Each structure stands twice: as C-alpha cells, then as structure tokens.
Ligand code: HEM
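One chain follows as structure tokens, the form predicted on its own.
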Amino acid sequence: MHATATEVVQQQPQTHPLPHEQGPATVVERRVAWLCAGTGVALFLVMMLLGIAMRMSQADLVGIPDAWYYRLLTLHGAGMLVGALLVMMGALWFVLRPVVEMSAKRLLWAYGGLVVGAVLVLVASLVGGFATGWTFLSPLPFHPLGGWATWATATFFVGMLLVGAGFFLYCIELFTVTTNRYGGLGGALGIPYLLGRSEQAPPPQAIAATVIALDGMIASAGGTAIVVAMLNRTIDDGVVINALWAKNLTYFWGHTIANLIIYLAAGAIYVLLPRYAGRAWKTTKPLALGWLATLLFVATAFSHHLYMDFAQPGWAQYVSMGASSAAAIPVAVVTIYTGMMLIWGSLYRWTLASTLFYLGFLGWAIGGVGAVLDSLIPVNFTLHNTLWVPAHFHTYLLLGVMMWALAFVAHLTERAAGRAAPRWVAIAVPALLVVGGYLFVGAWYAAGALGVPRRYAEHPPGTQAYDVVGSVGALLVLAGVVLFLVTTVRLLLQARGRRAETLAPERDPEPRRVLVPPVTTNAGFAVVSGLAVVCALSLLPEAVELAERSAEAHHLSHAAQFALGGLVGLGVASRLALVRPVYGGMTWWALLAVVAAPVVMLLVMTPAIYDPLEGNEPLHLLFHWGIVVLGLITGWASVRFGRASGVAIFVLSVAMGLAFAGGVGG
C-alpha cells in the first residue's frame, strides 16, 4: 500500500541529506553564528520599539517632543542597519567557513567595531541629543541651534567611523580568503567557468561573498573619507566641505551598505534554503553572470537619491536610473526565481525557519519593485521625499532581511534542539509578521502616493488614519517577534542536554599557502617605480609652495605623498616576498595598519593640525615625511593579503586621500 503525500512529508528527516553538506556545525561556527545573530536581533528589537513609538507619535496615540523624535529617528536608522548587518554578516560567515578558511578572531574584530560604534551613536543621540538623521548631511551637524553639543557631534562621527571600520575589516576577510582560495579575483567571481575555460566554479556563497566584499570595501573607503571630513570640520570650523560632494559620498556609502545587507542574506540563503528543499543550489553561468552585473549595479545605483540636486551632473543621473532599474534583473532571475524553482516540486519541509526563509523572498521582491519605481526620474520627482521611500526600504529590510534574520535564528535553534518549533507557532509567527508587516508598510505606500512627506515628526492634518493603521501593523509585528523569541528560548532550554551531540569537531585548517604578493613581474615593479617617482614630485619645494595656495591642492599633495610611501612599501615588500616566500597571510598588525593608517592620514589633513607647523620648516618637512611613512606602512601591510586583496586595499587607501582632496577645503 502506497503512503499518502502527507505521510511522506511527515516521514522526512529533520535535515535533508545533501551530497555537498558538511555535517553539523563546529563549536566555533555555532558560537560565532549565535554571537552575531543574537546581538543583531536584540539590537533590531530595541530599534523596533523606538520605531513603533515614533509611528504612534505620528498617529497622536502617544506624545514625543519633536526634539526627542529626531534623536530617536537618528538612532533608529543607524541602529537598525547595524543590527541587520550583524545578523547577516554572521549568517554568511557561517555558511562560507565550511568551504574556505575563515578566522573567528578576525570576525570578532569586525564585530567589536560595529558594536562599539553603535554604542557611541546611542550615546551621541540619547545623551548628547545629536539629531540630524543617520545620513548626517553637511552642514546640518554643525548648526545644532542649541540642540546638541560639539562632543555629541564628534562622538557620533567616531561611532560611524568604527561601524564603517568594522564592516571594512569583515569585507577584507571575505575578499582575501575567497580570492586566495579560488585563484584571484577572476577565479573567485567564476569568470573562467563563465567563459568556458574551466569546468570548476566556486560555490554560490563564495561568488556572492566576493562581490559583497569588493563593493563593501569600495563603499567603506568612500564612507571613511566623508566621515573623517566631518570629524575634521568638527575639530576645525575653518574646514569647508563641498555639500554636493558630501551628499554623494554619504549616499554612496549608506545606500550601498544598506543594499549589501540583503545581498549578504542572499549568500547565506544559497546554503540554508537547500537544507529544507533537499536540493543543492549549484553555481550556474546565469548565477555567475548575475553576480558580475550586481557588482556594477550596487556601486552605481546610489545617486537616485540626488535627482533633486540640480548641480549633479546629468550623466550621473542617467547612469543611476539605468543601474537602479537593471539591478532588479539579476535579483529576480538569479536568486528569487531560482529559489522558487528550487522549492517547487521538492519535498520542502515547512518549519518555522523554512517558512520565514520563503516569505523573505516576498519582501525582497515587493520592496525591490517599490525601489525601482522610485528610481525612475519622472516618478522620483513626485515620490522621493514622501513616505514612499521608508515604505520600500522597510519592505525589503523588515519583511525581507528581518524575516531571514529570524529564520537564521530559528534554523540554529531547531538544529540545536533536534526538533522543529510547534506547528501552531510556525503558523502564528509568520502570519503576525506578514499581516502586521504589510499593514505597516502599506500605510506608508498609500500616504507616500498622496504626497505625505517623510522625516517629519508630525504629518499633515487628515492623514493620521494612515499612521494609526501603520501603528496597528507595527504592534502585530512586535507580537510576532515576541512569540518567536519566547519559542526560541524554550527550544534552547530543551537543547541544553544534547548540544555536545550535535556539534561537529573543529575542521582541519587548510594547508598553508605561499603568499602571492601584489607585484610579481619586472614590468610590474617598473610601473610601481615610475608611479613612485611621479608621486615624489609632491615633495619638491616648488610643488609644496604651489600646494599652499589652496586647501584642496594641499590635501592633494598629501594624498600624493601617502601614495609615494605606499608604492615604496608595496614594491619592497613584494620583492622580499618573492625572494623569501611568505606562508599564510593576514596578521593582526597588517589588519590594524590598513585600517588605521589611512584614517590617521585623513585626520592630520585638518588645518588646525598642520597650519601651526608651516612657520617651522623642520617640523613642516617632518609632517610631510610622516604622511609618507603612513603610506609606507599601508603599502607594506597590504602585501600580507595576497595579490588581489593587497592591490585592492592599497588602491582604496590612496583613493580615500584623493576623494578627500576633491571635496574638503578651507
């Protein structure tokens, strides 16, 4: 007698056996996953409570003074992004470590940067009263009108700098391990496989990690330049920041990082979803091509936030509109459609985790459509400064990323407990999140279409009904999250006795590889030497005198001096690595150097620091040579990351100085 379909599903094991599965997670992988996921979800919950309070204030259900509303708005925006980022950083690390060598210690460095940065932002906003919004557009932070003190401004920017540095460290780790493991940047992106030169391709999560890391490093370099520029202006009110330059870099950094959160999640989904479908998510040529396109689109879509700026070059606006629209194609075809086909026809195990994984695709798709509509120039003129914008990004962050964040926690919990959450919970939690979430964002979509402005503590008369509906939806989401957390705690308490049985022994480390330095050929050394000679011209007395005529030229001269030292360090360290092969790679001092040295270089470009030295020729000369030494340290340390990663780190460190010179005067 044949079993019924229901009986077949009920007989499915807790984990589908897949040929590529590595077995249970190790102790290190489980701990890192829980650290990132637990911290991120906790931060997410606190920021959610602040968001609900603000929504209810707009609905006149509670009263929040305007000054406090904008403090909470600033903290909510920054805190939500950090919380979501932490969870998804942990999720991608968790699924990537079984196939490439990843360091838990280096992840903890990145984790520490994000957490300490978030705490400083909290202090700046709640204690210091800083209230510009997380986008901190210049010159608003420097005109508080008694709303906050200078120390609060400085604390906020130091916090944002640490957040950016933490993510930069994480991206360096991803980029270094994938490019070194798969034979360089092209190999890690699957280009030889795409061109038919190789039948082997990196797994999907490795390709995703490479794209995320490269875009993340580029965005973090831009973020470092603008945040340090704002710190310089906080230290010295004589610093002049070009407002359009500042807005471009701010949105390039912020928009790119916000986008990358969901791509981090997609990389994790490539491994986690097949565990419930029983089918492997394999690398295909469309997938590799789609991620190549994403590499370009993510980095160029940000300027649809600047359509209203008449001084923005027209070509940039059209590039942004094209990239924003085209970015939806690889997402829809490569990840969402493929994910649905992976589930379709499979014996998909519908648990709490797998249901949330499935529903996250819906939030990504709907939020993505809302974003594409807003990026169309004619539509943007009507919708961009309205509630449509928070509607679309809350759709893919709340109903996409948060769904996947909770799904990741549920996945860890159900595996640790050896059983799924109760069926009624697996129905009730998603139902509350979906009904409440779409009521919440739907009210914003409707109000935005009517022209209700965003970032306002009070909405126009007659529109409070939308705020009430949104508040009810937010409370339903909160109820779903609370039920989820209660269930998670209960399952974890039940899992305490069997954790040792479900943990795999630590994986054997990969064989130590000979480090391939960034420069390996005589032609390469000739190019590095020639560029160093060109940069050395900035130290000539005539060049120094010319640079004194404007702050921008002075900063450009400093950037050239930093590049000089970097080129010398890169060349000499590469030659030594060829003469005496170096095994291994990243060390703590190299990580610290490539993050800290460029930041120090930008900080000393504050006129209040270098102006007093100009009357003392020996000290002035020593100052310039100090910048050369900072470059030397950066170039020397970059070699420790291998060819692709070392070149990328060095180029981006020099680019920070050049970008700074392009927008900071005084």
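Sequential numbering from 1, following the sequence displayed. Bear in mind the structure is a predicted one, so any value in this text is a computation, not a measurement.
The same protein has a further form, the form predicted in complex with the ligand, not shown here; the description that follows concerns it.
Mapping the unseen interface onto this chain, Trp444 counts among the residues with a heavy atom inside 4.5 Å of the ligand in the model of the complex.
Using a 4.5 angstroms limit between non-hydrogen atoms, Gly77 touches the ligand in the model of the complex. The closest non-hydrogen atom of Phe142 lies beyond 4.5 Å of the ligand in the model of the complex. Using a 4.5 angstroms threshold between heavy atoms, Gln58 counts as touching the ligand in the model of the complex. Interface residue among Val121, Val594, Ala84, Ala225 relative to the ligand in the model of the complex, by the heavy atom within 4.5 Å criterion: Ala84.
Among Arg71, His394, Arg233, His411, the residue placing a heavy atom within 4.5 Å of the ligand in the model of the complex is His394. The three marked residues, Cys36, Gly40 and Arg106, fail to reach the ligand in the model of the complex, with no heavy atom of any inside 4.5 Å. With the partner omitted here, the stretch from 25 to 33, 47 to 55, 613 to 621, 637 to 645 that lies within 4.5 Å of the ligand by heavy atoms in the model of the complex is 47 to 55. No residues of 214 to 252 lie near the ligand in the model of the complex, the criterion being any heavy atom within 4.5 Å.
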